[in-house]
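One chain comes next, on its own, written out as structure tokens in the form predicted on its own.
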Amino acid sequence: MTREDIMEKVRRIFRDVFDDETLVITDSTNSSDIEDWDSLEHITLVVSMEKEFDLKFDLKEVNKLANVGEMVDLIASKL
């Protein structure tokens, strides 16, 4: 799976979680860019990505992530 394939799935997950088909997600997107992105939504995002990509994240890994691009890179490293 290419990085772009991963990014496209991540975009779909974000749009599903935030129920907004117009949401624009880029590598630099972070929690301050999306008004409804709080700690509960963050957990929902992480769990949704674990299910979609059939993997598990370590809490330390997730806490280090600064933006969507780093999440995509982490997923790619685990596939």
Partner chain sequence: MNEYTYEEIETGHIESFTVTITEEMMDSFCAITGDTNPLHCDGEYAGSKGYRGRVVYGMLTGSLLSTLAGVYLPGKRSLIQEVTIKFAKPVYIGDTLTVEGVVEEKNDTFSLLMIKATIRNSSGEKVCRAKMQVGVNG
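Residue numbers count along the first chain shown, from 1. Not measured: the values here are computed from a predicted model.
Separately, the form predicted in complex with its partner chain exists; it is not shown, and the next lines address it.
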- Is it true that 40, 43 and 57 each have at least one non-hydrogen atom within 4.5 Å of its partner chain in the predicted complex? yes
- Item | Residue contact check: residue 62 to its partner chain in the predicted complex, 4.5 Å heavy atom | yes
- Message: Residue-level contact is defined here as any heavy atom of the residue lying within 4.5 Å of its partner chain in the predicted complex; does residue 52 satisfy this criterion?
- Response: no
